[in-house]
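Next up: just one chain, as structure tokens, the form predicted alone.
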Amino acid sequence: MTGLTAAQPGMRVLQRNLWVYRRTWRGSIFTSFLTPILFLLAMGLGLGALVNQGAGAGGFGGVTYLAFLAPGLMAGSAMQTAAFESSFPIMARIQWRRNYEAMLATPLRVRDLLVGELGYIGFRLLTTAGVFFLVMLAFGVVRSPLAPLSVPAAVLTGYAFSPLIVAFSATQKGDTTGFNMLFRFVIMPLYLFSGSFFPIEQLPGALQALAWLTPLYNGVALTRGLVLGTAEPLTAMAHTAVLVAYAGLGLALARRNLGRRMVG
């Protein structure tokens, strides 16, 4: 590794993960390609037909339920992808398979591990969001020339979660209890109550205020605004700032926790 720049060692970790993914990508076809289609068919068109009859387009900002739902699902899928890739696989490389011990026996450092892992997670987020955007195009819900920006917005939404969950994973001792609680009591409630499926204005006031502070709500609002053309510049900047703040906090915690776990 002589002569590598500061960024290149982390690229070695990314390269390793991409090599593994090249052999396992078929297992992600369902979640990456079929899930958005099935969700939009079942909930956007199936359930949406009933919702539109009851609430009408006025209940969703003048758009159909399908158009309201699709960007929310895109951001929610980014959160779920980030949560999965940042939990069990990271724990496996820390303790179950001890990949990190082997890597740190080379000139790689904890910073390089994070660069490579977050780079790979970014790749997974980009492919998931890109596929979801193509599905939205096929369903005819894209209504703005700014809509392609929803892809990086969804990636940023994933990054608002990923480093935080990596930091959490670095504190776990090998069993899956902590991850089960994370998905059951954090990821799933956020998915249901952060505006993906219905406007948060339908929630009680206290829960609305709580939703405004969550990264998923800000990701959903930003993504939806870009897809539907309703994003206002200052509001979009505020949502982006919240997501960046979560990502920055998570990165600092991930570097600290992983360093303590692997180096001491």
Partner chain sequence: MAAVPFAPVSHPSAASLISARGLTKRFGDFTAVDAIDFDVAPGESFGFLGPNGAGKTSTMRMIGCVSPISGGTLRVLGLDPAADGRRIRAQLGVVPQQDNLDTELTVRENLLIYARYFEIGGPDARRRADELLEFVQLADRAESEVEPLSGGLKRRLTIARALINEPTLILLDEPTTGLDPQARHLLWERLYQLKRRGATLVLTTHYMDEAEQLCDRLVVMDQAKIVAEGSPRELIERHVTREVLELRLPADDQAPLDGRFDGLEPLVERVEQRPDRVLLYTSDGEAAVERIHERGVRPESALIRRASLEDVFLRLTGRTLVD
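A quick note: this is a predicted structure, and the numbers were derived from the prediction, not measured. Residue numbers count along the first chain shown, from 1.
What comes next is about the form predicted in complex with the partner chain, which does not appear here.
Taking the partner from elsewhere, residue 20 is found to have a heavy atom lying within 4.5 Å of the partner chain in the model of the complex.
Proximity of residue 107 to the partner chain in the model of the complex falls within the 4.5 Å heavy atom cutoff.
With a 4.5 Å cutoff on heavy atoms, residue 173 does not count as touching the partner chain in the model of the complex; it lies far away. With a 4.5 Å cutoff on heavy atoms, residue 126 does not count as touching the partner chain in the model of the complex; it lies far away. This chain is displayed without the partner chain, yet in the model of the complex the stretch 108-116 from 189-197, 164-172, 148-156, 108-116 comes within 4.5 Å of it by heavy atoms. Proximity of 8, 15 and 102 to the partner chain in the model of the complex is complete: all three residues have a non-hydrogen atom within 4.5 angstroms.
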